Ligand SMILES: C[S@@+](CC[C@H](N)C(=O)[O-])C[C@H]1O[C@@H](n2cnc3c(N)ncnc32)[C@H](O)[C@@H]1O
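In structure tokens, one chain follows: the form predicted on its own.
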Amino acid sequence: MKKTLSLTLNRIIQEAKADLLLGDIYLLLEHAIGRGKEFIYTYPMYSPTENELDRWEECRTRRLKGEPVSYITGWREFYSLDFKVDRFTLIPRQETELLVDQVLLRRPDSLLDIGTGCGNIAVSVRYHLNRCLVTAVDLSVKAVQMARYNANRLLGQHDIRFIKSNYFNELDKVEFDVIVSNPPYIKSSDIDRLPIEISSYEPRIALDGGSDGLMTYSKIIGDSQPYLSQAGKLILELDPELLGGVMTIAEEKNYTVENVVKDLGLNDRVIVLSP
């Protein structure tokens, strides 16, 4: 039986509000009808075509099963740029924009992004600092491919160097003004207790910080000094509960805590270290 084409955007939104967040509804509708939010606001009585309704129902069903909106639409906004994402890359979070803020404040000539994922940090920095020489590494081949795609789409001609590497393993012995990372920091035992949209969909390799959540910090902080310039900075995102542990690791590796930055919720979210 054919769908009723008199079903308007306004009616779809009102009915969907019983099950979905309003922000999710708009993003999924935009994807389903191939038009921006401005169109939905301006033409609430628009009746989607049958194909558009089919896409909407598919999007709605997937979201109700727990799949993140960004994986359904294939896109995520970060630092006012739209990044292509898929299930091989962690979905960028608003809190991670603080990392970019801290990098841009220092205007480095060179940057290393560890665990680049979809390339959101590396590309955002290069977008605003076009003279910064950026290197970005990730253990996942799929992530490196996605990051390179985003760089090509958002920057056109660029000189970001993307490398498949487990931390520093495949890097030349070069020094960077800033090393930045949003590393995995969820305790292994906690992952399955996270919301289904995280635990069942996002790549575990980008979430799992080991038994205490500090495994990746130990590796990055412990091995980073040879890759930092004399006045270089190591800038890391963290779970507020891990701040004490990260500071202990930093002290053991002869780093000085220069700053701890809070997010909008006043939680300790980014730590800046000096060698």
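Each residue number is its position in the shown sequence, starting from 1. These numbers come from a predicted model, not from an experiment.
One more form of this protein, predicted together with this ligand, exists but is not displayed; see below.
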item	value
Per-stretch contact check against this ligand in the model of the complex, the hit in 152-160, 190-198, 171-179, 113-121 (non-hydrogen atom, 4.5 angstroms)	113-121
All of 103, 256 and 273 with a heavy atom within 4.5 Å of this ligand in the model of the complex	no
Close approach of residue 205 to this ligand in the model of the complex, 4.5 Å, heavy atom	yes
Non-hydrogen atom contact residue 79 with this ligand in the model of the complex at 4.5 angstroms	no
Residue contact check: residue 98 to this ligand in the model of the complex, 4.5 Å heavy atom	no
Exercise: residue 140 in contact with this ligand in the model of the complex, heavy atom 4.5 Å	yes
Partner contacts in the model of the complex for 81-111 (non-hydrogen atom within 4.5 angstroms of this ligand)	90, 92, 96
